[in-house]
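One chain follows as structure tokens, the form predicted alone.
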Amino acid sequence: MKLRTGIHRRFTDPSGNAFVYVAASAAIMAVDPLSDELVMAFDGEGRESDAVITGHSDAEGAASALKDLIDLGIIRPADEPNPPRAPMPPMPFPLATLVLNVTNKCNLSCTYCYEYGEDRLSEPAPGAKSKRPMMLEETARQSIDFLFKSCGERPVVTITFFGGETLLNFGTIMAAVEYAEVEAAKLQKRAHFALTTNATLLTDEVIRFLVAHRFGVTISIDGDQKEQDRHRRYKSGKGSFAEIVPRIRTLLKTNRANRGRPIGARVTLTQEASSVMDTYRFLTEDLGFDEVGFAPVTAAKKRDYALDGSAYDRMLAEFASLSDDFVAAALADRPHGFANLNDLLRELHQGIQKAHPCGAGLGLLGVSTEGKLGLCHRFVESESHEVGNVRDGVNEPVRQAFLKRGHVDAKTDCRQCFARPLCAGGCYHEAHVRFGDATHANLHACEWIRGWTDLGLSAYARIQASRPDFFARYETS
């Protein structure tokens, strides 16, 4: 019988011990030298099993190892089709997170803004009624009622506040939190809160409120003054760095004194951005953030700040350096705030197998200022991506039709990629901006995703070799 390996990625730890990441199961498996030899022998188009086994110096051992590899799905008949992916989950899928876009206004005018800049999803129709700039308290309460009605048996839900600049509508946020806490107690559930802000409106009152209610706070900041003021400016052209830094320091100090949840920085990486390592060190060592996440800018390729191939290559090399820093910290039992790698290691260790790139449209929905439901917070201003409203609920036929189109098996470009369990084609919003179709695979970033997954596998192997107990943190969350 002719056999071949399934879609996989082979990698080694510093001592040369081999591992295989198997795409069909999203499992990481250690393989002994004999099994590793067979994996390499059957790679590519495959070979006749009898020829490999009978020609081996340890034919009996090779035959036994081959049987195990077949049972594990690492090696399979060459003419066997790839196993089918998991079908769509039962619907309606219980909500875990609702993102309330409490305002569609912002006090900054960031040049690369995907919502209000050149790459906005849609222009208002001529003569169309303007959309409500601020979410009313009543709409926020209706949204929370919808979340609790739609979360099924989940004991914990998350309510995330977003904008525009979220804190422009602080009154509605306060009212929503108070209402959610009361309703959660009635239902014997818990509500967690999160918020993304540009930090310009972090007054002492706001800070006390966020800390008191244990918000998970993410601050959009691109680095030091040069990086921050390059794109994140007021409408007048004035930079925002000098305004936000003292406010951030106060938030971090107050939050740490009250043992609050980690506070993260979210960095948008553009074509001309400074090095990832320099930015990370500034944000963690100079400002004191607990963690930092980096995201490539979402932009049509014609924008001068959009990332091209060389920029993705540079970003990957810089991520490699920061990953080395993370591994060194893990081996020394020191905390490290590189959020991207932390999240990737969690997914690898837990064997995450994605049929869709994220929770958008499944466990997560976005709510517009008027109460309309979008696939996520990035789509709430796009009428063509509406999936219902908080008063009447989800339009299930529309949602399920989109999820069927967005399933990774519908993306032929993804079928032979070893990174598909983690990527599933990439961000819907990025695909819409780049290709005009939210369900299109993000082909411009494929090499970047595969390279980033390789970095994660390498980090996993190095930590596993010396500190396997490190991964216990991913087994309880």
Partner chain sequence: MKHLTPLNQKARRLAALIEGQRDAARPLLQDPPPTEYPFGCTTIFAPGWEVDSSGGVHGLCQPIERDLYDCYHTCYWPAQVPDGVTNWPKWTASCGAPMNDWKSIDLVFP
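Numbering follows the first chain given and starts at 1. On a predicted model such as this, the values are computed, not experimentally measured, just so you know.
Note that the form predicted in complex with its partner chain isn't included here; everything after this is about it.
Using a 4.5 angstroms limit between non-hydrogen atoms, R415 is distant from its partner chain in the predicted bound form.
Although the partner is absent here, S274 lies well away from its partner chain in the predicted bound form, with no heavy atom inside 4.5 Å. For G451, no non-hydrogen atom is located within 4.5 Å of its partner chain in the predicted bound form, even though that partner is not displayed. G46 falls outside the set of residues with a heavy atom inside 4.5 Å of its partner chain in the predicted bound form. Comment: its partner chain is not present in this chain, but in the predicted bound form one of N258, S310, Q350, T203 has a heavy atom within 4.5 Å of it, namely Q350.
Proximity to its partner chain in the predicted bound form, defined as a heavy atom within 4.5 Å, holds among A410, L34, I53, C446 only for L34. In the predicted bound form, the residues of 16-44 lying within 4.5 Å of its partner chain by at least one heavy atom are, in order, F19, S25, A26, A27, I28, M29, A30, V31, D32, L34, S35.
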